[in-house]
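The chain below stands alone and is given as structure tokens, in the form predicted on its own.
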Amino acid sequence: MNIHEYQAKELLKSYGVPVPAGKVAFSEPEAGAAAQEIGGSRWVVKAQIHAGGRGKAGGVKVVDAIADVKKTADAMLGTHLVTHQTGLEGQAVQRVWVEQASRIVKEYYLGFVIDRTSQRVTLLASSEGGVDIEDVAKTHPEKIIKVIIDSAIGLMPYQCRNIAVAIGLKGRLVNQSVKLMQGVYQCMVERDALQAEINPMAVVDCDGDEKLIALDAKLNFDDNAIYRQKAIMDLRDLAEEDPKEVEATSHGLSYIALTGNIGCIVNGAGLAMASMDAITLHGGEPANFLDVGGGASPTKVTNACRIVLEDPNVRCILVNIFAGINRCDWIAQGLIQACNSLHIKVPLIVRLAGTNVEEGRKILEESGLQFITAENLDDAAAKAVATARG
């Protein structure tokens, strides 16, 4: 689950992380009033969407008058901002963040992520901030500093100081960085975040006094732990999310929309990824990732079919089930129920294996419906691609 930049900054501020003064606005008058309340003579107006690359796409503007704050906010609100992370359709801008402009001396990168190999939080830092960290990793990997944090003792001050010195911070800024890094880490752990990114973490000139602040912030939270984070759940902006993904979550399904025309209904994330790889290998393109999980009842399978079919680009559905906790007869009953209740008109390619596979295949054969059956994953992917091509 993602939240907006302004929400991330307000949350980090509660953990002692310094951020610029700012206020959210949903209209032109609110933007002007926000600038007036913040004070100063220069402001930054930022479009609030769940995507990076806003600056390059015109979603971040620096202005020198309150009239220009209002004019800029009016130009942003209601538009669709297209960045390298939104796709061609872009995302609607429904609010802006009006922030006091900072006199930037130097920008750095700071990020906390879950390292799957060590199964611990890893701190990433770089002297190259304000740009895509992926580009830095490709062109100057030596400029990215990594520290794996022992979850038993947490992020230690000496680790923060070592990071600060390694990226070029000096003097009082080193001690400021300790407070900032530990604040971000504490927020991440206590709030069940999967990712915390400060890009840029900036040294700014405050009337001759240099200070370290979080100039931008991104937090991403663990959906599996959100039930115990009511305050975070209340920050969720459903308008920013795909309605199909939101509905899928309510039915216990993991769904991610993609751009292809072959719908996928699979059990297990690994098998789902393998199914999409097989489709691509045969020259097709998956329309979605959908994991029905364990214990997929006929009703759950029906809901999965309905959500996949809400995508008008879907020309066929590949059902790939390797049953363990699941049962192939449940899946077969669910597919028949879906065909009868949803009046499915696109072909279904079905591969069943595992628990009660013979019962499942028999149910499909005796249903009188025209399922395209497959013996294995490769066979299923080939038939799905051929079917999608007509």
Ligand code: GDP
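Please read all numbers here as calculations on a predicted model, not as lab measurements. Start at 1 with the first residue shown and count on from there.
Below, we refer to the form predicted in complex with the named molecule, which is not included among the displayed structures.
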May I ask you to state whether Val60 is within 4.5 Å of the named molecule in the model of the complex, using heavy atom distances?
yes
Any non-hydrogen atom of Ser102 within 4.5 angstroms of the named molecule in the model of the complex:
yes
Whether Lys218 contacts the named molecule in the model of the complex should be assessed with a 4.5 Å heavy atom distance threshold; does it?
yes
Would you check, heavy atoms only and a 4.5 Å threshold, whether Gly55 touches the named molecule in the model of the complex?
yes
If you check Gly130, Gly283, Gly293, Gly168 against the named molecule in the model of the complex, which one has a heavy atom within 4.5 Å?
Gly130
The one option of Pro200, Gly268, Gly260, Gly111 with any heavy atom within 4.5 Å of the named molecule in the model of the complex is Pro200
Are all three residues Leu124, Asp150 and Asp192 in contact with the named molecule in the model of the complex, where contact means a non-hydrogen atom within 4.5 Å?
no
So which stretch, 326-334, 346-354, 361-369, 46-54, is the one near the named molecule in the model of the complex (non-hydrogen atoms, 4.5 Å)?
46-54
Looking in the model of the complex, the residues of 135-156 with a heavy atom no more than 4.5 Å from the named molecule, listed in order, are none
